[in-house]
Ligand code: X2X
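Just the one chain here, the form predicted alone, laid out as C-alpha cells.
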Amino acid sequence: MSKLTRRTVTRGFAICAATGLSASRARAAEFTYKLANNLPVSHPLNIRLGEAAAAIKTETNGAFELQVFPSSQLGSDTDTLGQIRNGSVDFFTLSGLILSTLVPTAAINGVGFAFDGYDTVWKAMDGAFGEFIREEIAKSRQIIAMEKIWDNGFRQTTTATRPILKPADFEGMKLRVPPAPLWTSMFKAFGAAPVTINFNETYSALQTRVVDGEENPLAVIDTAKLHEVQKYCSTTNHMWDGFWLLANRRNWEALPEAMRAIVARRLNAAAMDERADVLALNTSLRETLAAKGMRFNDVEPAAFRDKLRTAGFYAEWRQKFGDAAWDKLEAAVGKLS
C-alpha cells in the first residue's frame, strides 16, 4: 500500500470521534485521513463530524479512521485550501464564498438577499443549482465536493458602535469580512469599509477595535463568543452561507470504491443532521445572546435589496458569474437583477 493511503497524523489535536481508541490502535487503520475546519469544537458541524467519524470506523471494521481538526488547527482558510489542493489535508469544510478564490462560481449562493428562507435554500442547493456548483468545483481537477452542503446559516450583522436599521447605517463602518470578493463588493455597495480578516483572527480584531463589526450566523456568533466584543446584532439575513465538504480528488480516489461509498453516505447523512441542529439552534440563540447582553433589531430586507440593485451590485455579479450561472440562480430564487 502506498504512503498516500497509509498516512497517519503525527501533529495537532484530533477529535477521534469518541472512539476511545489508544494511539497504537488508531495507527492500525489502513486509511487515516484528516478533515480540517474553522469552527469551534462545540459547533454542531464538529459534533456531527465526530459522530460520522465513529460510524465510519465501525462500519469499515476499523479500516478507515477520520481525524477531525477544528478551530483552524491546521491553518487559516486560505492556508488549508492550499493543503487540500496538494493533498496534505484530505477533507476540508469551506464556505463557497471563500472557495471562490479557486472556483469563482462557488460564491454564487452568497449573492446578497437572494434567498427568502430555508425552503428556498434547500430546494436550490439539493437540486439543479447545487449540482451545477459541484460540477464547477470538480472542474478544478484537484478537489471534489460531497453531495450535501452543510449549513452555516443566514448571516447577521454585529457591531460595537451602532445597530444597522437601514442601508445608510453601513456607511463608513469598518466591517470584518472573510477573504472573498463577493462580501467586499456587497458591503462597499452599502458604503461600508470592509476589511478582509481570516475567521481565526476575528475575535481579536473586534476586541482591539481594528474593525467595528462583523457578520456571521448566530451559531457562529455564539460559539465564538463574539457577544463579548460586540454590542448590537441586526438580523439582516443578508446572505445564506453553507460549507461544502471538499475532498482531495487524488486521495479520495485512492480509497476502494466500497469504502468511498460508506464515507460519502455517512458524511452526507451527518450534513443533514447538522442542518437540523443549526435550525434548532438559531431559533433559541436570539434569546440566549440577548441574555448575554446583545441588543437585537430586525430590518426590512426590501430596502437593502433595492440599494444593491440601484448600486449595480446585481448587474455586476451577473456579468462576473455569467448568464448561465445567473440564470440557474434566478430559476431557484426568483428575479434579482
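Numbering starts at 1 and runs along the sequence shown. Since this is a predicted model, take the numbers as computed values, not measurements.
FYI, the form predicted together with this ligand isn't displayed, but the following is about it.
- Contact with this ligand in the predicted complex, defined as any heavy atom within 4.5 Å, is confined among 262-270, 113-121, 90-98, 167-175 to 90-98.
- Among 105, 216, 185, 237, the residue placing a heavy atom within 4.5 Å of this ligand in the predicted complex is 216.
- Scanning 39, 281, 68, 56 against this ligand in the predicted complex with a 4.5 Å heavy atom cut-off leaves one residue, 39.
- Proximity of residue 151 to this ligand in the predicted complex falls outside the 4.5 Å heavy atom cutoff.
- For the chain shown alone, residue 243 is a contact residue for this ligand in the predicted complex, at least one non-hydrogen atom being within 4.5 angstroms.
- Contact check for residue 199: a non-hydrogen atom falls within 4.5 Å of this ligand in the predicted complex.
- Heavy atoms of residue 77 reach within 4.5 Å of this ligand in the predicted complex, making it an interface residue.
- Along 220-237, one residue reaches a heavy atom to within 4.5 Å of this ligand in the predicted complex: 220.
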